[in-house]
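Next up: a single chain in structure tokens, the form predicted alone.
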């Protein structure tokens, strides 16, 4: 059931919320997607205070890096396994004021660092379409629970493609708006210049409703924008006559999966039928191949700085030892998984004084060139599009991908463009590849979420995959 459908039925809110909680609990054995369940009783008792809200009575799941007062928030890391915030994130307040009912905190890659959701302290999250496959990450728990029909909306965060890739793997809508469009106050950070808050929904119209609730200036987050918030719901018409759509040639040239490309080409044909102007454009190949290494340097350097306080003394789960130095070493060694420790090594190396100019600053200069290349494309087109993933979700134990191949460097990482630029980007289901969902990713210009959502609605109209069910 979608948000739109739920808002039409105000008589069964309590029944629906407890049904969602029960579904989440029953799905845990198969999906392993929840870290903490939340009792909705007190929230339901105060629902009368927010009558008429855009999310009135809608059950919602929060990614476990979203601070919730009095409710454990671990970011799926052992070092935060006993952390209970004393305040709510701004988006929690916004959704509560709109009538949302929170029922769980979802699993994620540890500290949001990863693209598989295999690194959570509670174990891997499984894809509801095939339990042998991954959900994608880092927001895989939220994606899986929306895909399984537990809730119509879940919160995620996106630093490289951490909403949009799981959305593709799980067959749901995944929206990452413009940098600064949604407050990040109360979100445990990964990379400050790349992190975005966004959402998973079962339809594009639901994503528009969610964004209208979440968006807006927040004085607690100085990176949040003063740009006015549109009435996004009114913008979602699916009218694309005359809209200009750029297809990224570099990406489609790197994809050899026929089923994925068939789905993609069918969508393009449908957009053309609706009157859109669809043209193939080529970006600088060297810059696209530099996306991943530049991302790793910038993201891991920023993450290393952001999490230096997780040392067992200032913050984080403390492990006893004889000295403060030993406490820090033991707490961080036992508190972080191997992938996180590896990323902190990379970040620390990039931040060494002697390395900053030739590594970190150089990556930032490459980022600027990439942003300029994206601006060149968007100066002539309303959006650019490409498949969000080469294929359906990989198996949980799949280690076959060559991370230096053109397919991996370009086709699996192009969505970083949305984080480097900060521009709005959305993944919408486009069909099945080898029996698993795949999505199309659309990226537009800064603060033009209404236009982006409108074109995404046209894609959804073409595919007919609104409210996609497991097994469709």
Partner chain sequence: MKYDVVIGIEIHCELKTKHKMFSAGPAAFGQRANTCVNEIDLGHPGTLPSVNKQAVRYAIMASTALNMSIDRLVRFDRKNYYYTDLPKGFQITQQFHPIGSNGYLDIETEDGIKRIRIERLHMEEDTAKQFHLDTQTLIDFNRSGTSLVEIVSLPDMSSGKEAAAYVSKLREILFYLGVSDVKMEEGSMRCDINISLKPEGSEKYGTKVEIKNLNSISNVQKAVDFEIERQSKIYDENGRVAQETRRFDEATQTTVSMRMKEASVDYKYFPEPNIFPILLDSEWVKKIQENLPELPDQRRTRYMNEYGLGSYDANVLISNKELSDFYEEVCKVAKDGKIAANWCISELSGALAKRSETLSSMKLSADHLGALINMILDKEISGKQAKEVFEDVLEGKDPKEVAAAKGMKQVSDTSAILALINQVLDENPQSIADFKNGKSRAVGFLVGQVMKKSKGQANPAMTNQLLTEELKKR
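Residue numbers count along the first chain shown, from 1. Note that the coordinates shown come from a computational prediction; the quantities given were computed from them, not determined experimentally.
Absent from the display: the form predicted together with its partner chain. The rest refers to it.
Enquirer: Going by a heavy atom distance of 4.5 Å, is residue 324 a contact of its partner chain in the predicted complex?
Expert: Judged by the heavy-atom cut-off of 4.5 Å, residue 324 is in contact with its partner chain in the predicted complex.
Enquirer: Does the 4.5 Å heavy atom contact test between residue 86 and its partner chain in the predicted complex come out positive?
Expert: So residue 86 counts as contacting its partner chain.
Enquirer: In the predicted complex, does residue 445 have a heavy atom within 4.5 Å of its partner chain?
Expert: Contact with its partner chain, no.
Enquirer: Could you confirm whether residue 27 comes within 4.5 Å of its partner chain in the predicted complex, counting heavy atoms only?
Expert: Contact with its partner chain, no.
Enquirer: In the predicted complex, which of the listed residues (361, 395, 244, 376) lies with a heavy atom within 4.5 Å of its partner chain?
Expert: Looking at the other structure, the residue within range turns out to be 361.
Enquirer: Heavy atom within 4.5 Å of its partner chain in the predicted complex: which of 67, 433, 32, 413 fits that? Just give me the one.
Expert: Looking at 67, 433, 32, 413 one by one, just 67 meets the 4.5 Å heavy-atom criterion.
Enquirer: Verify the flagged residues 148, 196 and 408 against its partner chain in the predicted complex: is each one within 4.5 Å by a non-hydrogen atom?
Expert: Checked in the predicted complex: no contact with its partner chain for any of the three.
Enquirer: Mind telling me which stretch in 98-106, 182-190, 235-243, 250-258 gets its heavy atoms within 4.5 Å of its partner chain in the predicted complex?
Expert: Only one stretch passes the 4.5 Å heavy-atom test: 182-190.
Enquirer: Listed by sequence position, which residues of 335-358 have a non-hydrogen atom within 4.5 angstroms of its partner chain in the predicted complex?
Expert: The stretch touches the partner through 348, 351, 352, 353, 354, 356.
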